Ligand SMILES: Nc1ncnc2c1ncn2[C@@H]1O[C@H](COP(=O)(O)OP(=O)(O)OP(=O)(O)O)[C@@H](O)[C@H]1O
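Heads up, the chain below is alone and in the form predicted on its own; it's given as structure tokens.
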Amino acid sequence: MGDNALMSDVLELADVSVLREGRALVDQVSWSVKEGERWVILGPNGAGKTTLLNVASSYLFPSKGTVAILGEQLGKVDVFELRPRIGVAGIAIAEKLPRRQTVLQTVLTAAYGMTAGWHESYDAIDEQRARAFLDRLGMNDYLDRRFGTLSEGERKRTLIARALMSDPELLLLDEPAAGLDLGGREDLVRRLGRLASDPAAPSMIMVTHHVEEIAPGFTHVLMIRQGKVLAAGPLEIELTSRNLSRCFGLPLVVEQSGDRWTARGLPMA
């Protein structure tokens, strides 16, 4: 398809606001994500990052503006047909999953768009795919462990494998490294980097408030503060000390070292 008009964006927000009790959680956001891009949504707590992700997942409708996800406009599409095309991994999903199910069952049930239930006959091919995704996320030794007994890092990796199970065209990750220790974070960032660098992987959007959690292979950043977009575009252009300082409201220095990012505050004068 040479004609750009035919290339529908993975996500297109036009002038989107989300109002709660008169307050704008997201304020006049326009943003588009093209196929194959890997976006990070960066900003302080309460900036509206998770609200944006909930809009992108079709679970939250905007108060104003229009949202198109995978070429379908919210409000004009059956969201139950749209949702299997979107993979979501985050804390909200974890809380809905049965703690007694094994890791393998937790991932397998996603192929059927369910959070529970073990009565269906699962195809051998589905089981092979579930095992392959878990293997890719370093969960091979945990297949029979109950989901409720996992550590935070093991749980996060299981949820990402689960989100990949429906072969989504868009993968949404809500703070995948939150609550992990340094080793767990580095392991997860490395695995996300492999996934992000795979041309066959879906378009990805990840919410975080730490630049250290940006995996290699991510291409773009959207910075948000108090519901408004401060910057949006390629990482190497927009992830600057100036933009990050404005985003978090204090002087910060950003450095890129190899394919990773770090940020620190300036010493007090």
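For clarity, every value in this text was computed on a predicted model and none was experimentally measured. The first residue of the shown sequence is 1; numbering continues from there.
Only in words, not in the display: the form predicted together with this ligand, which the text now covers.
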4.5 Å heavy atom contact, residue 209 to this ligand in the predicted bound form: yes
For residue 25, is any heavy atom within 4.5 Å of this ligand in the predicted bound form, or not? yes
Could you tell me if residue 49 has a non-hydrogen atom within 4.5 Å of this ligand in the predicted bound form? yes
Heavy atoms within 4.5 Å of this ligand in the predicted bound form: does residue 44 have any? yes
Out of the stretches listed (233-241, 49-57, 211-219, 63-71), which one is close to this ligand in the predicted bound form, meaning heavy atoms within 4.5 Å? 49-57
